[in-house]
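Here you get one chain, nothing else, as structure tokens; it is the form predicted alone.
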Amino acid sequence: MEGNLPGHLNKDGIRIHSKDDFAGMHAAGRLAANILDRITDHVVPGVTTLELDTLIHQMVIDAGAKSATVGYKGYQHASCISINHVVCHGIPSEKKKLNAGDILNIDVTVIVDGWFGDTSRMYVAGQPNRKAARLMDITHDALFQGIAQVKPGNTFGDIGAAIQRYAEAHRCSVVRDFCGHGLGRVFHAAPNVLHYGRWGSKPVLEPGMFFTIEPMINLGRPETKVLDDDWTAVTRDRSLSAQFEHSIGVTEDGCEIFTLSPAGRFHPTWKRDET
């Protein structure tokens, strides 16, 4: 399989893609982002997370694409939907009905012509309370603090340090138990993209690297635990958690975001500048 993948591995074992590979990632990322745009109007009090997942899966099929998560390590859904204190990997269920004021992350990964588009964002069923709204703002802005560090010559440590500095300056904590990852023609690859760390710590960013940045930020402490279903991760102290995720490609002078929202709906207020 290794020989069939595009590009080459650098000395750190991270795949370096060609300029032509960016087009495939843009197509996959655009579809994933478009699906998350379209699901927005369905996120309302009373809807179940299984209903949302069913709609998402049909959108993937209608687009002629594949869901990367259906069948992945036994997982059977086209999305992960994580509500309130669920940090990530929430399993859609007909028993999980949204209540007014709930905040939730919806995470979707699609495969388009062999390329993986991976993104997630926050939603609100109705109106959030002030603490939840503040947490989503901080998490969104922490992601873009990390993205601002993505350019050749900087390091993955710079990404994590920028996110950590911003979140902790706003009295929130960064989840350590989960991280971003390389992707391209595979779902998960090197490197692990930590959302905390030391400025200048390696590996060094190079043009052609593709990866996700997806910080999970908690109002309380950073510790998590995985429930008995072996998927759902929650905050140990039951505090609210939020997450935003983009897929990124490093260019000669900066980066490109593959998963920008076509409709400008990446942030629940739809008022954030994504560029």
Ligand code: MF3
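All residue numbers are counted from 1 along the displayed sequence. Note that this is a predicted model, so its numbers are computed, not measured.
Unshown form predicted together with the named molecule; subsequent notes refer to it.
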Among H170, R198, H188, K131, just one has a heavy atom within 4.5 Å of the named molecule in the predicted bound form, namely H188
Among 157-165, 68-76, 201-209, 136-144, the stretch whose residues bring a heavy atom within 4.5 Å of the named molecule in the predicted bound form is 68-76
Look up in the predicted bound form whether K96 has a non-hydrogen atom within 4.5 angstroms of the named molecule, and give yes or no.
no
Considering only heavy atoms, tell me if H181 and the named molecule come within 4.5 Å of each other in the predicted bound form.
yes
How about C80: is it within 4.5 Å of the named molecule in the predicted bound form, going by heavy atoms?
yes
Is the gap between E245 and the named molecule in the predicted bound form 4.5 Å or less for some heavy atom pair?
yes
Heavy atom contacts to the named molecule in the predicted bound form at 4.5 Å, residues of 84-106 in sequence order:
H89
